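Before any questions on how it binds or moves, here is one chain, the form predicted alone, in structure tokens.
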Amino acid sequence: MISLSEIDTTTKRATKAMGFSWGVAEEVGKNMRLLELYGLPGVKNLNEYFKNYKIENYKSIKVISEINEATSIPYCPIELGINFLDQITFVENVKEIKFINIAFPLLFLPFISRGSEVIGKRIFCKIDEKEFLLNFNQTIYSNFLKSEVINNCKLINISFVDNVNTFTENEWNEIYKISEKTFVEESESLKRDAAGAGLTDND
């Protein structure tokens, strides 16, 4: 099995060979490492993307708004991802963002995952009917388990999930009370030792 480190290095070099800058290539290498780590077909989709890249002349995007639509030519997932990551602290204030007509959308996904870490919020992403919950760039929960190429999608819907506890205040108080059984009761000797700590001159 090819290591994640080799996947990172090789896909980075291949991206540079396709005409991208070393900076962009670095980002793609990291992304392929992430996708393969999470069991998603990153290399497979990147390979197909490279076969179509110079033929299709995918559309770029500069400023991201609530609704972003590419008409006849789909968005480039890499350029879209880089701009999304650059603007993540601004776009997180938008409740929901839509991207219409994106090529190879799985290549966009790790940019969203990394954005989740930057803003400290989970991000819910729906690629047509495929759902992904991105957890601070630590895990991706998804209903998509196939190792296949997704050449294009009609719609990517992104929403930012507010940080809330999964438990009630009462449940927390109950479990905290149990934890108190491990607390050490302060004795007189402990109080004396603590009071005198740091006062002895050892020079």
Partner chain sequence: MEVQLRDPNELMKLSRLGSFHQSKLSFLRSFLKEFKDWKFNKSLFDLDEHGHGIAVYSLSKKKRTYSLICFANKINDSERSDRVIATKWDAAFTLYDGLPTKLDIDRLKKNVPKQEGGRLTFKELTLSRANKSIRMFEHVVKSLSNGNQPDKKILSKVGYLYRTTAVYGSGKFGLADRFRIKNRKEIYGPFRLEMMLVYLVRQFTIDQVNHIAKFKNPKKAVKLDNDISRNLGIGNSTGLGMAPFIVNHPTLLNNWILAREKALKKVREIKKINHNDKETFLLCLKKSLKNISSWNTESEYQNNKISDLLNDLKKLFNFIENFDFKKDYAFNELYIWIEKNLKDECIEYLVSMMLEPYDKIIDPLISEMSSEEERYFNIPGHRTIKDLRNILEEKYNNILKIDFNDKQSNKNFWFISKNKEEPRYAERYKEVGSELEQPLAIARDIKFLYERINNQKIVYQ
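Positions refer to the first chain, counted from 1. As the structure is a computational prediction, the values presented were derived from the model and not from experiment.
We do not show the form predicted together with its partner chain, though everything after this point is about it.
Using a 4.5 angstroms heavy atom cutoff to its partner chain in the predicted bound form, none of I97, I123 and N151 count as contacting.
A residue is said to contact a partner when one of its heavy atoms sits within 4.5 Å of a partner heavy atom; K30 meets this definition for its partner chain in the predicted bound form.
Proximity of T89 to its partner chain in the predicted bound form: non-hydrogen atoms within 4.5 Å are present. Among heavy atoms of K130, none comes within 4.5 Å of its partner chain in the predicted bound form. The closest non-hydrogen atom of W22 lies within 4.5 Å of its partner chain in the predicted bound form. The single contact residue among I61, L37, L155, V43, judged by any heavy atom lying within 4.5 Å of its partner chain in the predicted bound form, is L37.
Residues from 1-39 that approach its partner chain in the predicted bound form with a non-hydrogen atom closer than or equal to 4.5 Å are M1, I2, S3, L4, S5, E6, R13, W22, E27, K30, L37, in the order they occur in the chain.
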